[in-house]
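Below you'll find only one chain, the form predicted alone, shown as structure tokens.
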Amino acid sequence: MTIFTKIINKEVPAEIVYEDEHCLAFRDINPQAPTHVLLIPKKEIPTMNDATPADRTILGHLLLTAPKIAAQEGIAEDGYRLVLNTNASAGQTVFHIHMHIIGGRPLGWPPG
């Protein structure tokens, strides 16, 4: 069980900004921009490499939910970045897939 599963189960506190039956979003504890929200599926999938065709619906739901959260956070019009890291070399530290919704300032490229 990851820390994200504990957040989903309300065993660990988090500043939740969105929740529905399929996913949950909360503020990153180490924000990289003025707005930095993590969007996670309630189904625990360790990495994108572990996703299967059966996960299509939840992965699509995450992509369609991110703009709603960006709008709610006031960053949709100016722009935001969605980041999904896979495995340690890409920066994944919690092995429960999660999408970073980052905005609130100009973001450079490349990102790291």
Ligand code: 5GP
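Small disclaimer: the values here were computed from a predicted structure and weren't measured. Don't overthink the numbering: it's just position in the shown sequence, from 1.
The next section is about a form of this same protein that is not shown, the form predicted together with guanosine-5'-monophosphate.
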property: Of I29, L63, A54, A71, the one that lies within 4.5 Å of guanosine-5'-monophosphate in the predicted complex (heavy atoms); result: I29
property: L39, heavy atom within 4.5 angstroms of guanosine-5'-monophosphate in the predicted complex; result: no
property: 4.5 Å heavy atom contact, I8 and guanosine-5'-monophosphate in the predicted complex; result: no
property: 4.5 Å heavy atom contact, S89 and guanosine-5'-monophosphate in the predicted complex; result: no
property: Partner contact for I3 in the predicted complex: guanosine-5'-monophosphate, 4.5 angstroms, heavy atom; result: yes
property: Partner contacts for 92-111, taking guanosine-5'-monophosphate in the predicted complex and a 4.5 Å heavy atom cut-off; result: Q92, T93, V94, H98, H100
